[in-house]
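Presented below, as structure tokens, is a lone chain in the form predicted alone.
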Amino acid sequence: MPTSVIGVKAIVVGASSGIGREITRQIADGGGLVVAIARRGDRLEELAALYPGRIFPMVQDVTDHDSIPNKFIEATDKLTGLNLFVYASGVMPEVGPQEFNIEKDQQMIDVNISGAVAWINQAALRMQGTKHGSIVAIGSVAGERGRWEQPVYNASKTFLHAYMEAVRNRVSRYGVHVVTIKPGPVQTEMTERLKLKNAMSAEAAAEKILGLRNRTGEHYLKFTHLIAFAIIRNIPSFLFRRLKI
């Protein structure tokens, strides 16, 4: 059964596709209010049209750090409050097995790291003052080790996990929930080219994430991943390198 979202006033960054879009839709469908933020305004408008008065579209490029403080204030004003912030924006361009491309790397750093920090800083600052609310960031199991296929994507998620842990250690004392989600394979536009097997749907992932929004800490979306990555994290580096997993 879906988790109740009645009374939720949320900002979702990365709301135009994938998990972020589905989180936005489920909050609105359940009676909550959402400011949906992304670069692609046409997609936001389409989503908002499905839930008039519940979804407020806002166009913003997360790499434009200077605009974020004012956008954050504008968003909280529209909601007349804030009790949930979700950073779901992320990019993972295709990187060839022998490719090292700084332009692609910089894109991942700008969106997955710098954009996340710029937005989450605003949420943490506000919530430590109001002494309530939840901050949720969508990490990845890819951030558990330095896998060979996607060096910078993996590193960007590792950074996000560590950053969220530090934020958690700062603001949880004020009654703020800080939640890091580590999904495994999920069917989204970003992963479409990977032809994933047994991938979770974005709808199912979003439902689980909303159910975890007030549970401070790090969470996998499948119990099997909790066990598997406890093992993977402890494989010696020389052996991990040979396994190429």
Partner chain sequence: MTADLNRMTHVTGFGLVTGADSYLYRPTSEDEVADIIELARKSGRQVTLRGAGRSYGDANIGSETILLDISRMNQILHFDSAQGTIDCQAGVTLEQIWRHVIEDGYWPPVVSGTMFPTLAGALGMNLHGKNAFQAGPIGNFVLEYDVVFPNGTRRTLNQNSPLFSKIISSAGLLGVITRVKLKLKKIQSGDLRVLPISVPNWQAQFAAFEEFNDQADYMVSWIDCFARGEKAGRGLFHTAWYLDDDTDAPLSLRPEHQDLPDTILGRFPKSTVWRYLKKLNNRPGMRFTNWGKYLSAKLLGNGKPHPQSLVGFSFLLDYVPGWRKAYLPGGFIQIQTFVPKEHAPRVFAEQLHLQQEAKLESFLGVMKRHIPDQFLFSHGVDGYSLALDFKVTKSNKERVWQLAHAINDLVLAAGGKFYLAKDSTLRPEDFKQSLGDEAFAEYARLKLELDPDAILTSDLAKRLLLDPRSVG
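Positions refer to the first chain, counted from 1. Keep in mind that what you see is a predicted model, and the values were worked out from it rather than measured.
FYI, the form predicted in complex with the partner chain isn't displayed, but the following is about it.
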I need the one stretch from 138-146, 71-79, 94-102, 168-176 whose residues put non-hydrogen atoms within 4.5 angstroms of the partner chain in the predicted bound form. 71-79
With the partner chain left out of view, which of Q150, Q122, S134, T158 would have a heavy atom within 4.5 Å of it in the predicted bound form? Q122
Would you check, heavy atoms only and a 4.5 Å threshold, whether S114 touches the partner chain in the predicted bound form? no
Partner proximity in the predicted bound form: Q107 to the partner chain, non-hydrogen atom cutoff 4.5 Å: no
May I ask you to list the residues of 112-130 that have any heavy atom within 4.5 angstroms of the partner chain in the predicted bound form, in sequence order? Q122, L125, R126, G129, T130
